[in-house]
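What follows is a single chain, given as structure tokens, in the form predicted on its own.
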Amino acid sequence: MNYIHDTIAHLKQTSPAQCEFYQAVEEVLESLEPILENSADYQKNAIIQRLVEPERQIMFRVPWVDDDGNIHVNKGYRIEFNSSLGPYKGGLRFHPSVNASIIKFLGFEQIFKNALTGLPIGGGKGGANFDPKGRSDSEIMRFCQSFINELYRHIGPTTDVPAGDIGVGAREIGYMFGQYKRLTGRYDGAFTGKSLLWGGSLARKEATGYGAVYFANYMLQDNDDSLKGKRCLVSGAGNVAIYAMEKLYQLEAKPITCSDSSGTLYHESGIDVALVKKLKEGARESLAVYLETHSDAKYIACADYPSDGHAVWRFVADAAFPCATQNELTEADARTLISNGCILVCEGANMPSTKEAVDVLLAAKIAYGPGKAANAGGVATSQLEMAQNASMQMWTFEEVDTKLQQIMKNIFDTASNTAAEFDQPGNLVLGANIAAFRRVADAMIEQGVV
């Protein structure tokens, strides 16, 4: 365990005040103990020391002008973490909470997530502390153009391929791609998550949510069960949450919650996904508006949340899908889920459970799908979009969805088999981390000290 303590201590010295990053590193390193203590090659090649340091950290200012002529300055980031398996791949997040720690934790997680897909993609992440909420399309366009005025020189189809994340959808990708094309004079696959009109992939929008649900079903099938008839708690109301709920209905489960930055929606008879889509993808309204047409639903404002967690996890259900943001499921939430009879937690977001919550879930031996495995469907389908762009083809929705299902099955099988190999059957945290680490570390050794 000394290497964990020493690594975190070193990171605290060289990368101060980055708590989310330390958390992500510690969670991975603890899982790797069984393989690291018996591998002289990994120690001799200083794999851990190299793995926790990004290959490149790009930070820049993003000046832009609002509709009233006022000048604003935001911070932009791109962390190109590891390219041993392929070009850097990972989303861009526009949210006021974005800082170096958030982007580094996301980029670090992305290395392992991308490795688990089995596809040739490295790990990276980026974004800005810009809040698109309440901004006009013109303001968002000007911000995106200014952001790309710096980032364009660092990205491309064989170097670094950004995608969307929180606050970055097809609109933002469109504005960024347009500016990239203008600056470079190239029309290539430098972004994924593009519009279907100009190089996007069918099923990309649905992929992360669908993939998380496929993964959950594979976990249950491994115990001769399925999602059919299960009551499910879902957090978030963005792409991941919406399409997780959609797929849950398709598999005959029932989502009964979702949430946004203002509160939590609970609907005992099942969430009206079509209405949530309308509110969030179209009108960009608060979930509270849902009550205008569904008086039997309940909305809990953030001010009324329990002091030790999130209201969305306090309802009785069979399964939980954290699909919003990091550290949204606390230790108290985990204990409540278990006491309420929850048998599965499957993460659609990145690191949505605190370390203490993960410990509780693992100790309870319920089916637990960690984000780096369960939510890898989005980046996997992004790589499928890259493949379509490179070959100048467009696959059908069914073709992409079939490939997505197989990728999620492969990820589950790999994590499950690796956990069993190390005498911890069912521990998909350990299985996913070790399986991904071996693929990345072995590639790093073969490519020399770079």
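When you see a residue number, it is the position in the sequence shown, counting from 1. What you are looking at is a predicted structure, and each value in this text was computed from that prediction instead of being measured.
Omitted here: the form predicted in complex with a small molecule. The next part is about that form.
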Notebook entry, point to check: Is the gap between Gly90 and the small molecule in the predicted bound form 4.5 Å or less for some heavy atom pair?
Noted result: yes
Contact flag, Gly126 vs the small molecule in the predicted bound form, heavy atom cut 4.5 Å: no
**Request:** Flag Leu227 as yes or no: does it have a non-hydrogen atom within 4.5 angstroms of any non-hydrogen atom of the small molecule in the predicted bound form?
**Result:** no
Touches the small molecule in the predicted bound form: Thr264 (any heavy atom, 4.5 Å)
no
The one residue among Asn217, Thr257, Thr117, Thr192 placing a heavy atom within 4.5 Å of the small molecule in the predicted bound form is Thr192
Interface check vs the small molecule in the predicted bound form: of Val312, Val379, Val98, Cys232, the one with a heavy atom inside 4.5 Å is Val379
In contact with the small molecule in the predicted bound form (heavy atoms, 4.5 Å), from 172 to 180, 356 to 364, 109 to 117, 246 to 254, is stretch 109 to 117
